[in-house]
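Only one chain is given next, in structure tokens, and it is the form predicted alone.
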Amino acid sequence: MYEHAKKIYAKYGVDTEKALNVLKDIPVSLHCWQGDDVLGFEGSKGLSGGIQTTGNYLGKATNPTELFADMEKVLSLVPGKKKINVHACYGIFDGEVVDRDKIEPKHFEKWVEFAKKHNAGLDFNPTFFSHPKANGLTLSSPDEEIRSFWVRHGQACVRISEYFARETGIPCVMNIWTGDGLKDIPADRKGPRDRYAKSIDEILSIPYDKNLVKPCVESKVFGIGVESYTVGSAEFSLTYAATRNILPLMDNGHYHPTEMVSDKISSLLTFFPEIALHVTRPVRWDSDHVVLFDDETKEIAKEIVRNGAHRVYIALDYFDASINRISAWTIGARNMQKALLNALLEPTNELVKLQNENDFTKLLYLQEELKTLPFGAVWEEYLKRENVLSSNWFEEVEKYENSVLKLR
């Protein structure tokens, strides 16, 4: 089947071997928080700060050992180069009580061991939610004690990010996102944004190696309980990144429903040498559904590939507690890989030529023809070369659910 597909793609000027070789070296960062509904290891019983998860499927990981085991199962089912994306609330404290402004690299040593074991890099996220001091504004708080607490947390995360990068030899993307905002119409929109900018400035004022740590800021439209005003809006976050020479991060669930992140990637890459993405699936709003092999995911991947995949840091961000969490992880990660392969199998130069020649009839014809080429055979070949199970991977998850998850 693959040899047949290879010949068909060749007729369109596409080298499937080249596509497979490029794909295996594009890293995708897998988010640790899918495995336990974003609860972390601090003993939290629920989420707060503008986010939530729904569902109560059996077998949720409740400690580091269980989460590492579940992630290991996912890594065995997902092809390609991986990174592990960690939130600060996943520090491993072994009974020690450590508040977030006091976390250190030693609390994340087991994450480094796990990453090295799987030849993966690590990314990091300060956790500005699910904490007694995160019931309202955090980095934008008018309460100086609260604001400075979260600044210290952010600074601690910079140090941990550099530790990750030095240990793994792979740059660490450190993403700053808060749920700061207000439920109803604010009397002052600018004050919180002034304080937010000041806080991020202070976080990034400590010394760190900019070749190892890649700070970025992530925007959002709104969150639960902050429906009327979000401090870190798209305009704020993008302008901050541009004026501070750091990365902007776009989560495709953090925009209005008619906005497409796929259309924004080329705009940002016109001005930024690098950008970061959180790929998710919003349903009407930022609901973090499992990533599908759908039109927007395909278009995001096309823009990544067309504009230089080495310039885009790809991470996944969703958490579905209504279905088997390992299946959710695996489906989303494999779909991101499928989308990247689909993009790599596009005869981009020919399509661009037709566009520049104003031959939009042939361009539309070719774009539609490509949709029914034997993509599946190339995907199966990729799985085989990566020593990853094909469609029968779900049977492995079912066995794992019966032998491990149901016993928790």
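Start at 1 with the first residue shown and count on from there. Everything numeric here is computed off the predicted structure, so don't read it as measured data.
Beyond the structure shown, there is the form predicted together with a small molecule, which is absent from this document and is the topic of what follows.
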> All three of His87, Asp251 and His254 touching the small molecule in the model of the complex at 4.5 Å, heavy atom to heavy atom?
Replying inline: yes
> Where, among 216 to 224, 190 to 198, 103 to 111, 322 to 330, do residues come within 4.5 Å of the small molecule in the model of the complex by heavy atom distance?
Replying inline: 216 to 224
> Of these, Tyr313, Phe164, Trp177, Trp150, which has a heavy atom no more than 4.5 Å from the small molecule in the model of the complex?
Replying inline: Trp177
> If you check Phe68, Phe375, Phe41, Trp33 against the small molecule in the model of the complex, which one has a heavy atom within 4.5 Å?
Replying inline: Trp33
>> When the contact criterion is heavy atoms within 4.5 Å, does Asp286 count as touching the small molecule in the model of the complex?
In response: yes
> Would Phe129 count as touching the small molecule in the model of the complex under a 4.5 Å heavy atom rule?
Replying inline: yes
> Is Lys83 one of the residues lying within 4.5 Å of the small molecule in the model of the complex, judged by heavy atom distances?
Replying inline: no
> Is there a heavy atom of Val28 lying 4.5 Å or less from a heavy atom of the small molecule in the model of the complex?
Replying inline: no
